[in-house]
Every structure is written in structure tokens, then in C-alpha cells.
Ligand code: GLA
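The chain below stands alone and is given as C-alpha cells, in the form predicted on its own.
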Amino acid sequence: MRAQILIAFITTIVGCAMAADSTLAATPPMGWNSWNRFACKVTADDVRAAADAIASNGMEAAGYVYVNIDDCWQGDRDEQGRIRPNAKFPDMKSLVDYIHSKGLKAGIYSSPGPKTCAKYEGSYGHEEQDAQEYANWGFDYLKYDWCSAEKVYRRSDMTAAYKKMHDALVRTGRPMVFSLCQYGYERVWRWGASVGGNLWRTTEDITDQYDRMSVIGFDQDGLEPFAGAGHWNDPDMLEVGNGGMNHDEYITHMSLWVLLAAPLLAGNDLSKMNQETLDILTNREVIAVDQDAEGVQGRRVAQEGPLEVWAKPLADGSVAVGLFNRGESTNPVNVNFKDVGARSSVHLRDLWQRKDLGSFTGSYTGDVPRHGAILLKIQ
């Protein structure tokens, strides 16, 4: 059965030179990013508060490690061309040291173009300097956002532009996760690893709306051959807890992302979230699906109108299965065990309810609420 499952889920990519360092992101990166909640209002104090929350509320223990500053931290360059942070980040080295003191890692943001998305200073023409400055400050992660790069590059130059920064990062001698953010242009999943990418955006930006989140997530089907240890498809950051979706919709969001072996970068205000949000973000059994050592991205195995079944094989021989209802009322969703490579008689566990459902033969049907999901482990 094990061989059948893997054959069904993994396609070998012949001749693809994987330059990404798999030791940096052996499993999908987990952490927090400032953009979805704070955007350009982010300050050093907000980042410290996020680090404090992760270290104290159970998120660190659940696997969240990275505290990532997105756009809008940049100031001007000095006479030598070195990038300086703006007044909201008066001492970047001290901030990074604070994050590290919590046992966490720090992430930073830039663009291969002359400006970032928010019109702050980009890295064009300063790649070596910026990479070294990030290393001097102690950063462990760089998100590199295409944005204004089209003013100075053609899209056909994209691979060279990303490789240029990756090589500069390597020359610093400091290991840094390299996150490619260019919205899936040029089928990045086919070349992202070859230029050193540990993860790459496969889509335009997510928003805190069910329709947008669901389109992004469910459209990832077919990209599973390109994901694996050290190089992950990235359907963008989590919106869980930002208030634009209800509980069932956030359950769908998290369930789909873990089945996709997606990076789990929380995007809410961690210092003010409620227990319901924390419970979604820190469910250990759910997170284990995302962080599974096999590193396989799940795929759609069945669909009936708005009802979908997704599955992801796990390292212990079991299978994680998501029952999704994209419809407008509660609906029964059925999974046939043969469709996910399991034998006819299995044991089921509901990962959100954290309870065993018992033994079943042939199939299982669960009533799934509007825009909701059930996440099962088939053993």
C-alpha cells in the first residue's frame, strides 16, 4: 500500500537541479509575518510583541519559529550605499537579538527591484551590500518580492535576478531561508529550487475573505510534484484570526494549508488574539500533517460539485484526508478509502475534534458545514 500511495502522489522531476538548501526548510517554515495585520504601520514594538506572544502562548512549542518583518522597515542608504532602517526600527540589530533571545528566528523583506511594493528602498544594484547587512544584523530568513523589478528586468530575467540575491546570501556565510515572492509568474514551481528558493509564492496575494482564500487554496492542485524537503509551494500567509472569515472558514483555511504542506506563517495580531484563534493555530495533530517528514504535498482525489476530498500520505503509512464543503449549506461529504490508497478497513481519527471515530469499511461520510472542513487521519 505504501508504494501505491507514493506513486499516486509523487511525480519524479527529471533533470531538475535542486540548488535550495533542504536543511534550512526540511519541513515547511512556520512563524509569523507582519504584513496581513499591520502592513506599513508595523513598528519594532509590534515585532517584539509578536515574539513575546509566540514564546509564551504555546505557538513556539507548536513549531512556530520565524518572526518576519515584511515591507516598510527601510530607510535611506548611507554614503557607502548601505541600507538603514527607518525611524520605526531604530536599532535593527537589537531587535533581532531580542527575537533570538526568545529562542526564535528573524526574517526580513526586500525586492530585486529599485523599490518595494510599498515604494521603500529595494535591493537593485545593492544585492551584495544588503545580503551582508542582513547577515550582520543576524537575520535568518529573506522574503524577496518582485514588485518594481519589472521596471529594470524582463520577466525572462527573473531567474537570474533571484539567483543573484541567493548567491549573495550564500557568500555571507550565514544560512538564511530564501522566500521567492513573485506571484507564480513564469511557473516558478518549475525553477524556484534551482535558484536557491526554499519556498515560492504560487499565487497573487491572499485576503481575509473566504472566496479569495478558497480560490487560492483549492487551485494548488497539480503543483504537488514540485514540493519537498527544502523547497515548498507557498499559497501565501495565513489570515486566521484577522476577522474576515468565520470559524468554519478558518478551519477550512488551516486544513487546506496543512494538506498542501504550505508554509504556516500566521498573519494576525498575536498579542490580542482570542482562544479560538489560538486553538486553530496550535492544534498539534493538525500541524503534524503540515510538518510530516515525508514532505508530500496533498492533492484533490474526488470532487462532486462544491464538495471536495483531498488527501496527503504521511510518513507513518497513514493518510491525512480533508472533506471540504464549498457550498452554501451543510452537506454530506464521502471519502472512498480506495481513492486515497488505503485498504478497505481502516481506523479514523478526527484531528480537529481530537477524537477517534472508530473503524470503518469501504468509505466514510461526514456532515460538513457551509464553507467548512473535516480533517481526518486514516490509519
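Computed from a predicted structure; not experimentally measured. The first residue of the shown sequence is 1; numbering continues from there.
This protein has a second form, the form predicted in complex with ligand GLA, left out of what is shown; the following refers to that one.
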4.5 Å heavy atom contact with ligand GLA in the predicted complex for all of 35, 181 and 237: yes
Answer range among 340-348, 307-315, 63-71, 41-49 for contact with ligand GLA, defined in the predicted complex as heavy atoms within 4.5 Å: 63-71
The unique member of 162, 200, 250, 109 whose heavy atoms fall within 4.5 Å of ligand GLA in the predicted complex: 109
Listed residue (286, 168, 301, 117) with a non-hydrogen atom within 4.5 angstroms of ligand GLA in the predicted complex: 117
Interface membership of residue 205, ligand GLA in the predicted complex, 4.5 Å heavy atom rule: yes
Partner contact for residue 143 in the predicted complex: ligand GLA, 4.5 angstroms, heavy atom: yes
